[in-house]
Ligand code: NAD
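A lone chain, given as structure tokens: the form predicted on its own.
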Amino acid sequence: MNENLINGKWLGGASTLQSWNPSDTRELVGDYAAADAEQMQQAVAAARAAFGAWQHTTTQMRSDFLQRVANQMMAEKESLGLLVSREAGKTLAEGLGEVVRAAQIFQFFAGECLRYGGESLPSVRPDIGVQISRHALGVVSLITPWNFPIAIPAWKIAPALAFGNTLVLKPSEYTPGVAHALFRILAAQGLPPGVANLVNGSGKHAAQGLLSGVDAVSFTGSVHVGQSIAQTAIGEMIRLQLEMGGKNPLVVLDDADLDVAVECALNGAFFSAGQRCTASSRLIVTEGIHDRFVDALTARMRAMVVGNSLDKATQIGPVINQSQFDKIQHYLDLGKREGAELVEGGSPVEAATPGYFVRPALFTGSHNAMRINQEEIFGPVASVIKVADYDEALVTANDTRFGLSAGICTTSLRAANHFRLHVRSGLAMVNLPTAGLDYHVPFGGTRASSYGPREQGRYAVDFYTSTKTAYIAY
């Protein structure tokens, strides 16, 4: 039994949850202790008790700790990457890459906690100085999804600890093994009791146990759950950071390099089995290049190898579970009923092992009002929307309640710059996939995609600290 970490002790839970390999549904990854709301509150209490001492540790001590964690993650990257692949269904390359990214995040914040500082300003009044300083918030609840089971916890845990906060992490019940492995490393590198606590369990229990007695909550997941968390958190006067859904457009103009456009669409829409909030699910293509683009993209899709994530030849692994597989099939049927044409993919894939494999799917003849173009599917499904010109493409790109990532493929500097400035999204990509970003820059979107301060990079300090303004008479 793999236990929860509360106040420095590995403890059993109120119940048990099991993690299964989506590439081979016969393989049990492990049994994990599941906390109920009461045990989650114990974790919050432990974090509260540890906060006073942790916030007053030196920045050098916190930096050294985060650097040791990064170093150990890199030392174990092969085994950790394999675990990510087994539990989340990512290809071996994706699993290894995610672990390396998570280690880089810890390394980055090992440096940031030495330099986040404050400001010294003159007052507008004589003989008075102003000192602006940053201070840790306190106890932070972190609730993370399964699609990036080590990178997303890393980009929440590392800044929380770097800036002097204590925390409780509740990972997805579908990927408890990866979170357990990460906390094993944290504990082995000298994590003080109560500073970071791990509780596996259901989202229902998290809503009951992790939104009371804390100072902030950072959540990544669905819009529906995010809205529910927001309603509770506002009543508790808790600081909020929500990263939710996306329905991201990739615009392809007539003047685009066709090979570049196809690669951007293929990578953005279908890699990681389309289970990325930044995936390109709406391909908005102008008339002059439309047919050539569709032909070239479908040819590339047919050549993609779908299968067991542990097979080195696999390019697209399984979706996470039966529920997600069924949801994808529902939207494929819905798209056809709405009048779109399924020109490629969508069928289940028979592999050497039983798993949730589906061929990447492409619709054509769709229009933006269709539900397949307005609702997040979170799978390897994309729709082509034909438009007349750039102006219609931009209007279509912005015609969504989401606003996370958007891309354009063009050789026109004027169109690229206009799109970058006028698309309503937090991320804008030019001749690049809509998915994929660096760890040292801010991440987040607009409208239903995000709420609250940005994640990642030096901008994370805005969420994990509060500012104090002090006036000093000379």
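A residue's number is simply how far along the shown sequence it sits, counting from 1. Remember, it's a predicted structure, so these values are computed and weren't measured experimentally.
Note that the form predicted together with the ligand isn't included here; everything after this is about it.
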{"query": "Contact residue in the predicted bound form, chosen from Q104, Q72, S222, S212 - any heavy atom within 4.5 Å of the ligand", "finding": "S222"}
{"query": "Answer option from G335, G307, G345, P145, heavy atom within 4.5 Å of the ligand in the predicted bound form", "finding": "P145"}
{"query": "Stretch in contact in the predicted bound form with the ligand, which is absent here, among 199-207, 383-391, 281-289, 256-264 (heavy atoms within 4.5 Å)", "finding": "199-207"}
{"query": "Close approach of F443 to the ligand in the predicted bound form, 4.5 Å, heavy atom", "finding": "yes"}
{"query": "Touches the ligand in the predicted bound form: K90 (any heavy atom, 4.5 Å)", "finding": "no"}
{"query": "Contact of E173 with the ligand in the predicted bound form (heavy atom, 4.5 Å)", "finding": "yes"}
{"query": "Distance check, F293 to the ligand in the predicted bound form, heavy atom within 4.5 Å", "finding": "no"}
{"query": "Joint contact, F51, A154 and I238 to the ligand in the predicted bound form, by non-hydrogen atom at 4.5 Å", "finding": "no"}
{"query": "Partner contacts in the predicted bound form for 403-439 (non-hydrogen atom within 4.5 angstroms of the ligand)", "finding": "L404"}
